[in-house]
Ligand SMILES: C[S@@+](CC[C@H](N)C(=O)[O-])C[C@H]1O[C@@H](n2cnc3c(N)ncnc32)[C@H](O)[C@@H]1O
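Encoded as structure tokens, the following chain is the form predicted alone, with no partner shown.
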Amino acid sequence: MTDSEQASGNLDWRTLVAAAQSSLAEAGVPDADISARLIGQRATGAEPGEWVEVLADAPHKRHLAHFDAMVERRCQGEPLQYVLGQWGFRHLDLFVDNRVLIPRPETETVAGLAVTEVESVRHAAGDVTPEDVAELPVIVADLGTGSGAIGLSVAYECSDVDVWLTDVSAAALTVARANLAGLGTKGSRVRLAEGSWFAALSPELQGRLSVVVSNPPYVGHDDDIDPQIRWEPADALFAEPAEQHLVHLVETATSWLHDAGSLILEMAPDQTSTIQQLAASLFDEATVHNDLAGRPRAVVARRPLQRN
């Protein structure tokens, strides 16, 4: 590093991060220590295991400018995930910004359910009629994909599966496409499509989907929510009535899934009972699953009922 590239004074990253933590705490950021450390790691490019070794280093001017800009954004209340521009989700490191929802632990649970259902569908397909269901490829649709977190996790963790990522927002699909590029060869069977729910898919897929999964908007406009959520895209969060998209997906999925197919939906804890009852009237079984905090978070419905 040349003198012109190095920041002036006797600054090192330990001093900078300590000062940032103080500024963040004064601004009312609840996780000031975590934010300061992660912003420092992002600015330097250091992995967590390398961070201690970096603390005594003098900052490069460019890295310092990036660090200061991120600290200021966090002081203004912008969510840490957007400030960093990336966030871990299961086995993936996702690019995120305010065009998409922040990937959350609740949704990691939903992605795990989708992975489980892929394997369940593989086994169940051989036991149902018509017999040719077993010969169909495993096709997963992640509707309203946002960053692509759920569908890309399925593509990464499951073999021999075709995955469709759909969203009504072209901006969100741009983010999902960037994350797909980071998947490498594991993303070779992933496709993106723009449109509202099932309308984004080719009619040729009707009756052939193995798993449909979605984290749709399910927050009511009058719900009491964390102020930070207001930074996220409103169209991906809010619905009026709050359950309208959940109801639509349950009622429409039956004609898109094959006979051994499964539907997985994320929702608010107080919505699970209503949606489970609706799903139970249209599917062979419908169960509620808790998130990591023990709250009812998802409904999994299996095998659409066959209507005459």
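For clarity, every value in this text was computed on a predicted model and none was experimentally measured. The numbering used is simple: start at 1 and walk along the sequence shown.
Quick note: we don't show the form predicted together with this ligand, though the next part is all about it.
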Find out whether any non-hydrogen atom of residue 153 is located within 4.5 angstroms of this ligand in the model of the complex, and reply yes or no.
no
Would you classify residue 215 as touching this ligand in the model of the complex, given a 4.5 Å non-hydrogen atom cut-off?
yes
Answer yes if any heavy atom of residue 197 is within 4.5 Å of a heavy atom of this ligand in the model of the complex; otherwise answer no.
yes
Quick one: is residue 120 in contact with this ligand in the model of the complex, heavy atoms, 4.5 Å cut-off?
no
Looking at 190, 101, 71, 92, which is the one with a non-hydrogen atom within 4.5 Å of this ligand in the model of the complex?
101
Looking at 75, 236, 158, 178, which is the one with a non-hydrogen atom within 4.5 Å of this ligand in the model of the complex?
236
Which of 182 to 190, 160 to 168, 223 to 231, 79 to 87 lies within 4.5 Å of this ligand in the model of the complex, heavy atoms considered? The stretch 160 to 168
Residues in 25 to 63 that come within 4.5 Å of this ligand in the model of the complex by at least one heavy atom, in order, are none
